[in-house]
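In the structure tokens that follow, the same protein chain appears in two forms, which are kept apart as structure 1 and structure 2.
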Structure 1
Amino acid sequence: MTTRRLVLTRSAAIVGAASTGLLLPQIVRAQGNKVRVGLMLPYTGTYAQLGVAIENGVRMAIQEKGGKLGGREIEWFKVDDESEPSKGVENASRLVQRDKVDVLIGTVHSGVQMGIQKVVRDSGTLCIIPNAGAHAATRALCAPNVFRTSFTNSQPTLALGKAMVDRGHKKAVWITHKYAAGDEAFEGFRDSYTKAGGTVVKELGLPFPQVEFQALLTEIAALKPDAVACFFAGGAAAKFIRDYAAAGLKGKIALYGSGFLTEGVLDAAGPAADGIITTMHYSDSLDTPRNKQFRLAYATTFRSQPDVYAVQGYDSGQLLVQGAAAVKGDLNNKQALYKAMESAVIDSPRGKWTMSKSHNPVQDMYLRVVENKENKVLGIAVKALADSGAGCKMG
């Protein structure tokens, strides 16, 4: 039965190829096919803008190198993951099983990422994480086919604690969306803040994607800490900044954050954002030719200002271009592909970075302050910060 089907299939293929005059060896035909690139990102909800910025960045990096991957054209597949963790496995399976993508680029939300992680670990599909910082993805659940171009959730906040204590803010309230991203960001904050001599007087939170901050802001006013530190991103960050000012806290209790707080939201937040200090692996105002060239090209192409998400998307595109070039477009040559991606030096608008052993960027963390709708760099808070990669058994 198996033999018969094989014979039939083969002869059908030969008839097909012969009738179009293309009697080429299998391998050449396979390489001539388009590379199937899947984008699994949020295009609706709190993180919708983040998804768009990432896609823009990915496309721009590939376009700059001729719009192909290792000489092959690209076919794009897109899924809106809605930042909905309960649909993570199903959405990732659509791209991997139904669309048979060669690479899945996704996603933003850590909870959804866990679904992707399951699917790509099972299938062995190449995955590039352009944002979600879920620790497990490059720690206990690390995998040879999974690469992250963004950060782990505790990386930015590991740089935050000392900066706050240095400014005399020794008692802080922490507030966040309660899910992996916020909880892991807290780990980095708590560790760096207490090590520098600060005390976390209270942890506050609300479920993602709720944005009813009022009761929590009233509680902060009553607690009277020296400072507030937080994790919020996207639409929620813009609202938190505005509500913080509207509650009369701006200028009274210093507001700090993981840098996502002030990424992509400065138009929406307006003057309420001025003076917020954050730590992040990128800053709009980095005074390097590379960053300036990137910002100009992005603004010209997309008629909007790039942010850290655009940079992470751009670096995902750069990583893929480099990997595909090393194997001349044969993405099935996994050993050589992964080796090239592992040893890539990414010439990023954020500054050059490399992959850690567990496939997460080793990168500088900048201290920034918001001034006139821009994240201005104040200096490097931590140089070449690597995630611990704890529990990753690979290589």
Structure 2
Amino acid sequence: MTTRRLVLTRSAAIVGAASTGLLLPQIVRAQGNKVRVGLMLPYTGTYAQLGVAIENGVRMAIQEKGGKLGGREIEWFKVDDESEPSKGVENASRLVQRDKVDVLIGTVHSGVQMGIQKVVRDSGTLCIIPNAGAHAATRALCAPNVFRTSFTNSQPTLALGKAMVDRGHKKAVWITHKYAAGDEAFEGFRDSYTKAGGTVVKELGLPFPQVEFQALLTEIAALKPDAVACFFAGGAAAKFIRDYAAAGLKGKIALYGSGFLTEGVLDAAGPAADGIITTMHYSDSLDTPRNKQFRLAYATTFRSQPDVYAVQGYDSGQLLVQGAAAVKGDLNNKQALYKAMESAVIDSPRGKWTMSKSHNPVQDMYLRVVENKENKVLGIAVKALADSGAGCKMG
């Protein structure tokens, strides 16, 4: 709330000054000289930690290049989106219409992103998505001014199928929460697994955010598949991992998942997570000079360890820096700005990646296994994996 109040106060001060008519020319000139960057992220609730990590990453990438965008100073505007889809349009409108931001960076929750998508498509405001994986953002509702630096919900699981079949697991049960992200993750798994010769013997689901897994785990035990593949994240992922082991399935039926299954939950999951194999576009343990340099710089700056969300925020900052530099800070030169962002090569801690035609990362997906509370990289599951961008018509 503080940040929102701060921005409100600042706006009120400008209105006050304008009404006197004395400071107006000075203020208009000062505002015109600064790039207005809006951050619409969760700063309270379940995803608050993710919002902070993304903002840290964005600011760090810009700071590394001198703290300016195309030579211009930055004015920051922040809104806590509370991961509340019903407030998505209202919050995005506040940044676009009231604060008149040049670029809106947001968000984490796919439901909130749909609200942002509507506002930025209608207004033509540049938008960079640092997390939300909703397919529509870079498929049916794609737009020239919308760029994503993270993933689509089906991208990590699109790399999972072949890896499972290669390990001899040809019959699998799929389990997830029944909501958009789970359904979209299943699309990637189903397509890659069946293409590699695997059979999905059963699709199981439970309403979001329920975590009563017992009946479904009993059903899995009775089905006796070669493996289980899943999409869970956060607290639900930690509980599913623990319950899977408690049900006696660990060591009997191999467990695989989208990388979010083991992101940020390994302390909570404990030894039950050992041996789980996932596919993801990043791993903390990626043994490259670029990743090590990033992790050291982040830890030194923020006194905490970066995760995949920090990397996505950092790459959002890098993309914006490259775009702004190409147009020498003139973000109104939209055609040249978008062209520069479309052709950018991002030197990321996750490995270099490029932008697809529908404005989604074309990136390597890593095969990882959990060992002693760490996601260890086994290798690259799929190189330069692109989302289909199905239904995207730019224009």
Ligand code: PHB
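What you see is a predicted model, and the numbers here were worked out from it, not measured in a lab. Here, a residue number simply tells you its place in the sequence of structure 1, counted from 1. Under this definition, the rigid core comprises the largest set of C-alpha atoms superposing within 1.5 Å between the forms.
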Selected structure - the one that is the form predicted alone: 2
Core superposition between the two structures, C-alpha change of residue 313 at least 2 Å: no
Displaced residue check between the two structures: residue 85, CA, 2 Å or over, core reference: no
Core superposition between the two structures, C-alpha change of residue 58 at least 2 Å: no
Core-aligned Cα shift of residue 176 between the two structures, given in Å: 3.6
Residue 198: CA movement between the two structures [superposed on rigid core, Å]: 4.7
